[in-house]
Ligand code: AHR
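Next up: just one chain, as structure tokens, the form predicted on its own.
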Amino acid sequence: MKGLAKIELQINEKRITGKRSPMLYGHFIEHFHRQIYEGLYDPSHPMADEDGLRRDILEAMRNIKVPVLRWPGGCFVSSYHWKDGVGKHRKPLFDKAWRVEEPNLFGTDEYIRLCRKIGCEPYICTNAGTGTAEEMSDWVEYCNLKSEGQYAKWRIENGSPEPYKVKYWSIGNENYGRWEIGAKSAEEWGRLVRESAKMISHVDPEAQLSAAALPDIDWNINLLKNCGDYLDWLSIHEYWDMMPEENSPADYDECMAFTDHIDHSVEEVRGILKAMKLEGRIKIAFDEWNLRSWHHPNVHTIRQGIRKEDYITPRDKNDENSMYTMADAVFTACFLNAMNRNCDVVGMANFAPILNTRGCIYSHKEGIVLRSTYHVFDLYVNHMGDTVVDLWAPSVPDLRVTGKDGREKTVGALDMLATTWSEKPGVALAVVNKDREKSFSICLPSDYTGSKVTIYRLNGKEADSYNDVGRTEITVRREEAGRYDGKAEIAVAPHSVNVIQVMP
């Protein structure tokens, strides 16, 4: 460890920030490009099961214990009518959001079967663009009523006698945005959400409802004044490396600049909830997030692409695996650390998407690739605790980086989180090193002398390492470090994500 900057940690397990919901490690999938069709749902594939779902993808989803899966959109949902996707007689329709044909082969029943196979909670986002309050509540009838009414009876006719008991429902998707089909003004949104929530709660009083929001005072105050009594969640989204029109990914240092105040949206929405005396009653669902935005040129613009080569073919660029490096892994870990630190108000977060496009899993005809971000979820889901406790370091080195906007920023070189378990003693630390070149040395408190130390290290040889078909450069390595002697130091490599378990 000689020559490495030494970071001494102080941990107070009695100072509890909060108990983290498993749903902070949630995911999202949308009817976009190869996420559903030719991705997760591919009945002709040799690995398809009896429901047309890829077994290898299901297994990868189970391994990271997906707790909740948001579906079907995303922008797709704002012109999606759920009744077209159930029953025996389905017709292909034109998806006006993404300008492709939607075959309607994967609908509500297929989605619920998917959720049951991977053991996650379903989270359905409803059409608040071209849809109505009645259509939304009809969907809840189909899923949650036992047998009353035509829609519950339709579900039974379609082969599901027992209700699906879908607990989480979102009213709308980014209806504040000009790009969204059926975008609304703040006043229109408040009224629609109120009436939709009213009808849904009449169908199922136990349904938990979220509504599209953003860190905007006027939008949220209008929404909460109209609907605060009906809502359990506010839904917010954020992508940092924006590339909808030009696929120009930020480099490693530019990605590190994005980690500056990564939780600003949470802080701003928390302030509004607190000011309106709703903190503690309404939580935040950060139900769409990723470092890099999806690339889909010439569809969210006034002038639409004419040739498919202008607006559909470029979507393949999302699946260039060389883009998903240790920068994505380090950013993802920093985001998850921030959500854990805000677990008193953030109860759900959904990585967007789980498969293909910017997903943590990439599928191809012969199998799958686990991108760098997949391994971050593996670390946090399987090796971190559920209770966030106080961690403090007297000095954390600064890191100077230049952002994508050309401005210099100073961020902490390390991002650290301490957790414990509700059901067993011990502590698990997440230590993220953002510095592309420097290693650091971590010193545990002497209180842990005699404890067994296990280290899980996620890294690649270079900051720009990546995984691809036939190429695995980023993996998790487990290291048994023995019993802590009260003075040993733990090296943390450059551009790495590390989980350190300290057990009695």
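One-based numbering along the sequence shown. From a predicted model like this one, the values you see are computed outputs, not experimental measurements.
Another form, the form predicted in complex with the named molecule, is not on view; read the next lines as being about it.
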{"property": "Residue (of 253, 174, 109, 386) lying close to the named molecule in the predicted complex, criterion heavy atoms within 4.5 Å", "result": "174"}
{"property": "288, 263, 204, 232 - the one with a heavy atom within 4.5 Å of the named molecule in the predicted complex", "result": "288"}
{"property": "4.5 Å heavy atom contact, residue 392 to the named molecule in the predicted complex", "result": "no"}
{"property": "Touches the named molecule in the predicted complex: residue 258 (any heavy atom, 4.5 Å)", "result": "no"}
{"property": "Proximity of residue 99 to the named molecule in the predicted complex, heavy atoms at 4.5 Å", "result": "no"}
{"property": "In the predicted complex, residue 300 touching the named molecule (heavy atom, 4.5 Å)", "result": "yes"}
{"property": "Site test, 241, 409 and 434 vs the named molecule in the predicted complex, non-hydrogen atom cutoff 4.5 Å", "result": "no"}
{"property": "Which of 289-297, 194-202, 396-404, 366-374 lines the interface with the named molecule in the predicted complex (heavy atom within 4.5 Å)", "result": "289-297"}
{"property": "Residues within stretch 12-31 having a non-hydrogen atom within 4.5 Å of the named molecule in the predicted complex", "result": "30"}
